[in-house]
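In structure tokens, one chain follows: the form predicted on its own.
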């Protein structure tokens, strides 16, 4: 790893001022579980690392005005330990609980995960399924980027060079709902997803389906959602929707899986996630973290 200058500002405005001054030569640091690996391998060589962990404004999970706000400093472990996340956003809770290892979950963050923007990221598909927004700030002001527009390619986002993600904003659902996150990995324990599926359904038979690790960015299965819209789910309809969901993805073959296996398993995962989401809404079962594949 190359030598670098380390700075730890105590306020957002100071961090943004430093980033504006240093530009692409500086990188923001949250948990470091992705950044330091990239630096160690020489993929990223910043002259300066700006540590955001001293900024209290980036802490916390708050429910306000119909939304839940998750600050940039919130770790995966804090999401898992949050009764609010477990109750309001079970798919995000399930995704958080199977990220990497305990050590990574204790330091890594949801915001760092989405900013890294690798295709296998666990946070992307739940946020897409929730119609969440990414909260962004620069020295020029603030803006919100819909999660659907935030990911622009492999390890690429809609962030400008002088911008910082301060958190995410997730709308709270009204009425009954059910949701699931399903991850396919090669083994128990720390492993990147071969494929991931997040499904959200409500009592008006609105369905949202998002997938990760099977396209350059997380994607919504919009054709499958349209097929399901307003309809009571049964096994036959779930199978048709799962088949249609494959039109939204473009998996590759790599060291973790073949393209063909990913396609086959996404069909299985979408169907089971749909059935499980409806069952959770209607009966409360299966319990969270029940293995579906």
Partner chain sequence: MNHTVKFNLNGSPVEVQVKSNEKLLDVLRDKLGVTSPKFGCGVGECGACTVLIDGLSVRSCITFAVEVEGKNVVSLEGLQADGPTKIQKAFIKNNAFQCGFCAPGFVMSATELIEKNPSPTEEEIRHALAGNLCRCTGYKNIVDAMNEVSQENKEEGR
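Residue numbers count along the first chain shown, from 1. Predicted model only: the values in this text are computed from it and were never measured.
Heads up, the form predicted in complex with its partner chain isn't pictured, but that's what we're talking about next.
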- Message: Looking at 162-170, 202-210, 99-107, 215-223, which stretch has residues with any non-hydrogen atom within 4.5 Å of its partner chain in the predicted bound form?
- Response: 99-107
- Query: Counting only non-hydrogen atoms and a 4.5 angstroms cut-off, does residue 144 reach its partner chain in the predicted bound form?
  - Reply: no
- Message: Under a 4.5 Å heavy atom criterion, is residue 51 part of the interface with its partner chain in the predicted bound form?
- Response: yes
- Is there a non-hydrogen atom of residue 149 within 4.5 angstroms of a non-hydrogen atom of its partner chain in the predicted bound form? no
- Find out whether any non-hydrogen atom of residue 266 is located within 4.5 angstroms of its partner chain in the predicted bound form, and reply yes or no. no
